[in-house]
Each structure stands twice: as structure tokens, then as C-alpha cells.
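Next up: a single chain in C-alpha cells, the form predicted alone.
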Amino acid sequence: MSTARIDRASSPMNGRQDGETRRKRKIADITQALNVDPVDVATLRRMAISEGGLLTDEIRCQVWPRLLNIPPHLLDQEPEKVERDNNKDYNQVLLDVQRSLRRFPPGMPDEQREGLQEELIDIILRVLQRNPQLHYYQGYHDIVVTFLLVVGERLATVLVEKLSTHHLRDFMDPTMDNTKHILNYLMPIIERVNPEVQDFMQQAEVGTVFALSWLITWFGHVLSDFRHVVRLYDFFLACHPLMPIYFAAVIVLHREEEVLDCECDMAMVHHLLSQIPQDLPYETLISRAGDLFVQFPPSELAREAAAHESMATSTFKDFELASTQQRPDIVLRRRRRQKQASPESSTLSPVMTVAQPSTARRFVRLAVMGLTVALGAAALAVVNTALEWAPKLDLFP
């Protein structure tokens, strides 16, 4: 009898029923969080982070504005007409949008796709016209088209404008300095978890340019399955603006064996890493990225840099990344000197074991951290910090 019970419990039918039960419970929790006054944003963040994300585009239309703290009265405003004539960004935007065919669902009628492309151009130009301090970059349209396909032109305009002045603000500067700075957090994260992989990449001199398109498009440009893209957007919108760089790190760490088996050559390693496998275990990687953010928050990495470099601190408490600048080259040289001075350290395992916090506690901490970022990444753009140390990367040869 006990065997029969075990068989029933492990049957595919039972698994589907359990999955449907969890789905219904999650929808109920989201609905309840939306209906209370004030809206329970912390719960919405936890729902967006947890397995499966926000489940449907209908739910995303309701929750994404809450995650970005957009006032309700802005959601009903009709977008103004866009002036394309003599617009300094129009030609480049048009070229990028015309090349974005793969971002639209396969099989979509040409007439419908062309209409959406016109809306995509209007959204981009509208946000730039409203915010002349923002500068268009190639890859921006990959983010905007995701919002357009999920929520439509009117709502996408509002969401993209808020995102552009916060999470994406660093990418929209006149120069790439702040973008390069964010990329420079990739190696310290990898080093904390797996120094062997980091050392290999350092010896190959591969740098971090392979992850540039991941970061500035929120992976929209490199993932072929739209379901995976919107799942990541659920996660990123609910978290700290730097979460995409943590997710980039866990992709590299997940491919540890491939990296270490690769020839230690810059071109070979760059080619390997720039090609993201399409069958990644996304939920596992999302969970791991959250764990790493909790264990190694940006403020900790920044403080580590401050301990080895005399740099001015910022008064912006809402975005601690802006307080100091991480210098991977300094950290690497210090670690090598420590290893040379301590031969016994070579007997230790090169892979750091990362403690795994409980699922519930991790989601709560991630949600709270997301809520505390009032200005988001926009803080970097208004803090006059020293970036002279940033490696001279030829981002667009």
C-alpha cells in the first residue's frame, strides 16, 4: 500500500496538479497584494523573484508599474505625438529597429510587425525627447521592444521612461565610463565564488566585453526564447539595478568546465563566453544570482576596494555602489602576493563554498534591497566619481 502511495505521489499527473496548485496560489497572492491599500509592493517583488516569476503578461501589466513605483495617474496618459523630422537620433534608431526582426514572435504577420516597429521608434524617440540628458545607445531598442510586446505602447512609454532614468541611466551617458565601471564588478563576483575560473580568465586576458550586450540589453539581444527574456525582466525589475551583472556572473560560473577546458587564449575564451547556451537552467541561475547578491552585495565589493585605494566616498546611501569604485586589478595583484607569501594556502580548495540562505529569507532580503534603491542606477550619473582606473576597453572596435 505504501508503494502505491509513493507511485501516485511521484506520477507526472500528480506533479502537474501540484504545479497548477502552486500557480493558482501564486496568482491569488499577487491579486491580494495588488488589491490592498496601499499596494503590497514587497510581496509583489517576492512573487516576481520566486520561481516562475509573474506568470502571465496580464499580470505583468499590473505589477511592473508597481515594481517601478510609477504613480497610477501616469498610467492612463495617452502618449504625445513624436516629431521625427530633424531628430538627431531618428536615423540610428530606425536602422536598429529595422534590424530587430528576430525580436518579434515568429510567424507574426508583416503588417502587424511593421506597425509594432513604428510604435517602437515612437517610444524611443518620445523618451529621449522628454529627457534630453539621456543619450541613445545601440541595444536600447532591445529593452524597449520587450516592454512593447508585453504591455503595449502607452504603458511601455511610461515604464521605459522610468527605467531609463533609473536602472538604465548609466548606459545613457555621453560616454561608456559608467557602463565599463559596472562591467568591472563581474570579475570580483566570479573571484569570490571560484578563483580558479577568475584566474583562468585573467590569464587569457579576456576582459569583460563579452558581457557588454548581456548587460545593456538585459539579455534581450542574446536570448532567443521570449519567455526567458520576460522571466529575467520580472527578476531584474524586482531587484537592485546591479542584479544583471550578478546574473552574468552566474552564467560564467555555471559554464566552469567549458571555460577551464577552453584554450587559454583571449579570442577563444571570448568566443566561448559570448555565445550563451539557450538551454540554461534559468530558475536555478536566478536563485543563485540572488544568493550571490545577498552574500556579496555591491556595498561589500565597494568597501573592499576602498580598503586598498584612497577614494572619495559619496553621500548617496540609496545606491552604495556609487560610494567607491572597485579595482579588480588591485585586488588581483594583492591576492597573488598573498598566495605567493603563503604556500600552505595552495592546499585549500580553490572554489569557495557559498552558504545558501533559506528561500523565504533570500526573497525577503532581495525584495527589501530592491525597495531601498530609491534612485537606482541614476545615482551614478550624478556622482562625480573618479573613473581613471577603469581599464581601457575597445568596446566597439
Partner chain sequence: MAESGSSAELSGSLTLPPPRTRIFKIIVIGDSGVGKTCLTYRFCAGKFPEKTEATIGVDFRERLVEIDGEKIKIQLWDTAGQERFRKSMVQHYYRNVHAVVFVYDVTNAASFRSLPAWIEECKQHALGTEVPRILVGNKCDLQDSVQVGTDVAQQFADAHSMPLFETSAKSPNSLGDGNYRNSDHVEAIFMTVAHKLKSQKPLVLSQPPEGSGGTVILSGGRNDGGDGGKGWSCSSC
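Numbering follows the first chain given and starts at 1. Predicted model only: the values in this text are computed from it and were never measured.
From this point on, the text means the form predicted in complex with the partner chain, which you will not see here.
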property: Option from 117-125, 68-76, 291-299, 91-99 whose residues, in the predicted complex, bring a heavy atom within 4.5 Å of the partner chain; result: 91-99
property: Sole residue of 252, 183, 189, 155 within 4.5 Å of the partner chain in the predicted complex, by heavy atom; result: 183
property: Heavy atom within 4.5 Å of the partner chain in the predicted complex - the one residue of 227, 130, 84, 271 that qualifies; result: 271
property: 4.5 Å heavy atom contact, residue 138 to the partner chain in the predicted complex; result: yes
property: Residue 179 within 4.5 Å of the partner chain in the predicted complex, heavy atoms; result: yes
property: Interface membership of residue 261, the partner chain in the predicted complex, 4.5 Å heavy atom rule; result: no
property: Interface membership of residue 109, the partner chain in the predicted complex, 4.5 Å heavy atom rule; result: no
property: Within 4.5 Å of the partner chain in the predicted complex, all of 103, 206 and 213 (non-hydrogen atom); result: yes
